[in-house]
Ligand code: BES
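Quick setup: one chain, the form predicted on its own, written in structure tokens, and binding and motion questions come after.
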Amino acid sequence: MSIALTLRGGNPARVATPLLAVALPSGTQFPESLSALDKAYGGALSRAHKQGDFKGGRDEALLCVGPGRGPARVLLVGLGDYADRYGAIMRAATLAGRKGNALGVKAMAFWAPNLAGDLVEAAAFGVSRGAWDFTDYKTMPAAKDRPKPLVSATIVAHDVRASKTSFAAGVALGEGQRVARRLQQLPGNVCTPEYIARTARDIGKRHKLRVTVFGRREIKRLKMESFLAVAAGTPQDPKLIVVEYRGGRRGDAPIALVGKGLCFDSGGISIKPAQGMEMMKYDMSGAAGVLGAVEAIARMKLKVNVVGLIGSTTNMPSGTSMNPGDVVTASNGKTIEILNTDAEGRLVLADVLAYSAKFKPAAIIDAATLTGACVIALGNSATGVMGNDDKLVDEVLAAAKRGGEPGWPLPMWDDYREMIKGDIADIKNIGGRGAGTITAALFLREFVPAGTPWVHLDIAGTAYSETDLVVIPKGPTGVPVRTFVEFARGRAR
């Protein structure tokens, strides 16, 4: 379910809403601009602040119930030290949206001191992100006992006129992330390659974009043996999906966003352990990130050309599956020795990356839940970032930081290339036990069109969470939607 966001100005004390979230930084005086609201609450807000019941710390929240005029409830939310104002507002608004949804109010509002410009964007995006919920498969209680979902929210800005563009961007970012998180959360028997293709077509229809979908027959005609090797064990039709957004000048080279779309990864013949295998429905998070980013970019009408490319299938064990020891030839002519069928994402991306040459991209960024080694190296707080162009790597890292999806660079030294040098073919699909994230990226580099700047994002640790993250519940995070969009915005300016 979407959320309707609106923008308004004025005194927060006069906002008639079931819930008003008030975000305040730590270590500051109670704002004079809240005096009318505080008076309506009998001074309870300033007393809570003065007595230390609410200190304004990050993720701190205190709910107060009012007398009935203006906001029925006030939720004080902490901004922390407020050094990164955009990030602090985004996080506080996310927490506010989540708590508003949990309270069962249909509508809420969000206010913070001097909320204007890009801070309004952060607030709109944050509330949308926090209010997102997935209840499609839950049996709901009787209507009288059912909590009301949060369906609308108002951002109360200090300067409405100066904030309209930023507000619209925040709404677009929120909707893009909702597309991605819904795809991620759907079970593998629903979110099939055909479902992802249908979602791409829906986005294309909504924004008048060109969408091309190739099935098994066309993929075979394109000589994508690497991609087809992964799809060999499933009766589901694999899909190569291309979405073209043309917001820039005619003839300008596009940005290519490439996503891994493994709707379920059993590991194939090299089958995974049973425990935790259900999380492998998230192996299509790179594809979800591409589609979510295209949705946001199209809504924002960015003046840049973008092409999204997705390789989608499932990796299943069967009598027709690829086997360890098989050799296949990718569409760029390189031969691959398959030593482990669970290193399948790179086999799909190899042919998709090679195919991107058709569009002569200015830069390629791919995203994939590619290696468990990245989770070991960086945990769940940072995305692994690698590439063939240091300048582009820095540009992507900056975009990721702006979007609140921090990344960390890993080396791509040629010494590591020896670990995937083939014994009977050009290249092996796995190296040794060490440096697994780096050797996976080096494998992908073999299929990047010659001379094209490229960056790989390993989102294995950041695309979804197996625990509650306070502002985001267990499940999909929407990474790397913001990284993709912020990169495109940087190129559009």
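Note that residue numbering begins at 1 and tracks the sequence as displayed. A quick note: this is a predicted structure, and the numbers were derived from the prediction, not measured.
A second form of this protein, the form predicted together with this ligand, is not displayed here; the remarks below concern that form.
The partner is absent here, but in the predicted bound form a heavy atom of 260, alone among 260, 129, 181, 239, sits within 4.5 Å of this ligand.
Of the residues 88, 373, 269, 392, just one reaches this ligand in the predicted bound form with a heavy atom at 4.5 Å or closer; this is 373. In summary, the region of this chain contacting this ligand in the predicted bound form, judged by heavy atoms within 4.5 Å and restricted to 336-344, 214-222, 291-299, 78-86, corresponds to 336-344. Among heavy atoms of residue 447, none comes within 4.5 Å of this ligand in the predicted bound form.
This ligand in the predicted bound form comes within 4.5 Å of a heavy atom belonging to residue 265.
Using a 4.5 Å cutoff between non-hydrogen atoms, residue 45 does not count as a contact of this ligand in the predicted bound form. Contact between residue 369 and this ligand in the predicted bound form is found at the 4.5 Å heavy atom cutoff. Across the proposed site, 399, 405 and 484 without exception lack any heavy atom within 4.5 Å of this ligand in the predicted bound form. Residues of 443-470 lying near this ligand in the predicted bound form, listed in sequence order, are 460, 464, the criterion being any heavy atom within 4.5 Å.
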